[in-house]
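The chain below stands alone and is given as structure tokens, in the form predicted on its own.
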């Protein structure tokens, strides 16, 4: 098991800026650290080997170690709520529980765990109840009899008279089903009087003795309300009318309206005291409420029907670890891929006491400080790294080995993910209650954004995917002596087209899958204005994501309509909460990947990679430069990722989807197995021949086309392409083709 893990406070930093690293160390009182340039992160003994270069900085040396934990689980906290148990009060809400039989979940509380005083409104074993404590050892509880059904709306009203102990609990389903017995009413007297506390009021969690928040609730809460006095369900409903009765309005202590500020972490109190709360650890917003009618599917057009927040006990936005190492980077530090190398003892072959915490150094932010820049820019697909952060689907999902066509091996990082679900999942994972993970944050350890990490999706051989697969490209550029800058997806989202404008050539990573609207627009503008794009992967520009304007370091995805995905968004919840934009595939938004780079996603399979066969267009004089010294008919029948250059995920030409009419198909892959299958958005009825051994559409296209502004686009159509750059010391036809393209792109002569 890993003994040392951590994360940087950002994925991109400029020379002269400070970057902080937050580490948790399980063994020892100290660890040693240094900054290294990441050249190659592939451990495969059949490959060229790991390569890092020490960069002297103030980080060099020994640092104090801490064991740090993640306090996972989302909740709402509101300061300034008066001590409710001083007088009779009522709590009302609509709830949609997703794991109602989980024990001891907190719906609402004003509670002191140290003294066991105050009150907690809870769900336990599917039943709503209340727990009160007097702080002197007295605890009393009451529950209804009905057991709630998961994913059904209930109306809850709980009133308490602290002086007498009289309590009423009403749990009413919105839709009644025969013989389900999920309704319940309790009316009686508690034998303990709750202490009145001047403590924060919480929804969906309880503050524990150590200051952490636990005993979380899983599910939606809508229209939570606090009233002075004892009231019934009818009063809660009357409050929601357009004209609130005055005699009832005077009872309002707080009414949190989650349909307001959906793109924020604010919980707005529309009551007279403005007891606004804040949502911690990013519960999901923009969720259908109890009153959603189905007439509108976009929350920005009818926010009053999207007043629900979905809380999960495994939500994570910010691990909030203390800084272990902070370093100001040298003013002249070259742009590139780097990592903090941290060691907490004698390591072993699986590096359990060793961590590489990756980051990128971008060019200086100020144009005046940049000086003359290289012609080549590498766009690091960090939002794809973030989308796959701690991707643990292979550990828990049945059928993963069938999908891979082979047995899977788990490394220590995989086991750590399994044991530490509090790190939060990827955008491919589901929460414990089965709902999809919509948000992914970089403010937490991302165990597969690291050199040395082996991925179950990386194919036999090196088993590399995402970041570590991209280190093959870093190593190839290093061996070729290419001077280049690196920027990240987040840089592009923030800086836009101007970030690309001074570079004639942009290289992608192997899997640039996730793009915001700002990123998409900036890249398309750059291509249209004469940029030269080398798309060295596949399944790019596939999903739309959204950034939050006030919460740094987090992205959102909505798995709308269709696409290759591991979970589906609920109908009516296809719009991003961060921006209100319609989510899903760029293809469904009229911007198929083919519009950007000429080719688009067609198939995926994770068993063995194949090769390309030269196509007639390869003899077109327009692309003579690409095949200089490459007479071969077969291209890339070797490689570190699955044994070939065409594998994992494939792209091909599609004129209907936007491939330009002047695109040339230089080569296409063949020889794929039955495990390489057509993507589901490519067929409308289920076909009998989805596999690459029967379906001729399952192939990658190697392509090239010129743009009207004198630029050009080269696409490889395969995630495994870069895995074939390095074999035979880089003396092979995949490397030569890639170099020939780069060499011509460096020539400023317009196409």
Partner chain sequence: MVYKIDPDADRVYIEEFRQKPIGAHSPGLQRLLNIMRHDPSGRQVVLVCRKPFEEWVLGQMPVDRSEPIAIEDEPIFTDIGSAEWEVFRRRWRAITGEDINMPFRD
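Residue numbers count along the first chain shown, from 1. Computed from a prediction, not measured in an experiment: that's the story for all the values here.
Missing here is the form predicted together with the partner chain; even so, the following discussion is about that form.
Interface residue among 497, 410, 625, 174 relative to the partner chain in the predicted complex, by the heavy atom within 4.5 Å criterion: 410. Interface residue among 45, 56, 708, 61, judged by heavy atoms within 4.5 Å of the partner chain in the predicted complex: 45. The candidate spot formed by 399, 406 and 608 lies fully in contact with the partner chain in the predicted complex, as each residue has a heavy atom within 4.5 Å of it. Proximity of residue 92 to the partner chain in the predicted complex: non-hydrogen atoms within 4.5 Å are absent; the residue sits far from the partner. Heavy atoms of residue 462 reach within 4.5 Å of the partner chain in the predicted complex, making it an interface residue.
The partner chain is not drawn, but in the predicted complex it has no heavy atom within 4.5 Å of residue 139. Looking at residue 492, you'd find every heavy atom of it more than 4.5 angstroms from the partner chain in the predicted complex.
Contact annotation: the partner chain lies within 4.5 Å of heavy atoms from the stretch 666-674 in the predicted complex, the single such stretch among 316-324, 556-564, 481-489, 666-674.
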